[in-house]
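Given next, in structure tokens, is a single chain: the form predicted alone.
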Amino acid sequence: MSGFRTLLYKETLRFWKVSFQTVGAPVLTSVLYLMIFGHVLEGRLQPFDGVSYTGFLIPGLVMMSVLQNAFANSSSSLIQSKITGNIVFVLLPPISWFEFFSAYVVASVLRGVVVGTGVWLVSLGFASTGVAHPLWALAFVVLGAGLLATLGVIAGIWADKFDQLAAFQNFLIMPLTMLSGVFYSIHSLPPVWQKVSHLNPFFFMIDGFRFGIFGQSDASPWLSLAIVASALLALVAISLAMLRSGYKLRG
């Protein structure tokens, strides 16, 4: 697994060397969301019993940061390597496809967790929230980050230019994230939109993480866990199949 360790080190160093941009900027964006929405809606909404709106908002912003940055890390790394042509230096060494996949995904999960931790620490200045079920919270963070990192690998392989990757992010990742209950409880929606929300896998990642924090959620945590884990396994199978076939990687 020396190839895995070397590629993981390279991918981790890639985002850490510019951490002001890759970690600091997303944390600042989430804090701005927290300041604005918390200030405007605090006292007007109480999605869960005994939980302030600002407290309710924090887990959603943490998971949103984790998911978006896990996707951005793997997808941007692959598309940059493909466009600049240095992907050949990763493909030529005797690194298995599983090592290749694992290094990109683990590095992306690491970035997502680092950003999410930063958002959580800064948010403690706005509202104090405990962790009711740490293992549940950790499970959804890791599975959610892994799912979006894997989706980032797929997007990075599929895209031939930055415009295609931007379309993937703007028309799929962003809408699914914003409509997943980050800023609201789906019980506040009309019945039709509640059913639509249950078709969004991002909802189950964020709702499951909220259960880990508050012990309360809109859906059963076991259902959320099953859906997120199944989606992750499906995307892993697709990603590995694309890598084994050399789709858009081999000239």
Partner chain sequence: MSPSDVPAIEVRQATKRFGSLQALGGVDLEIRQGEFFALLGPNGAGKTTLISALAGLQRLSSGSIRVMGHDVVSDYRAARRALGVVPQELVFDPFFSVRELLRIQSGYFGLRRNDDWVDELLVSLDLASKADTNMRALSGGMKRRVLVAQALVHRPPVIVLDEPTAGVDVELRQTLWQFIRRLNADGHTIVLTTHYLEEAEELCTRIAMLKAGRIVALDSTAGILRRVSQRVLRVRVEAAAALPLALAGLGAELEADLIRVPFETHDQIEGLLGRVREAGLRVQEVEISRPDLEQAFIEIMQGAGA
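Predicted, not measured: the structure shown is a model, and the values here were computed from it. Positions refer to the first chain, counted from 1.
Another form, the form predicted together with the partner chain, is not on view; read the next lines as being about it.
Remark: of stretches 134-142, 114-122, 82-90, 153-161, the one touching the partner chain in the predicted complex is 82-90 (heavy atom within 4.5 Å).
For the chain shown alone, Ser102 is not a contact residue for the partner chain in the predicted complex, no non-hydrogen atom being within 4.5 angstroms. When the partner chain is considered in the predicted complex, Val18 lines it closely, a heavy atom lying within 4.5 Å. Among heavy atoms of Leu13, some come within 4.5 Å of the partner chain in the predicted complex. Put simply, Pro94 is close to the partner chain in the predicted complex: some heavy atom of it is within 4.5 Å.
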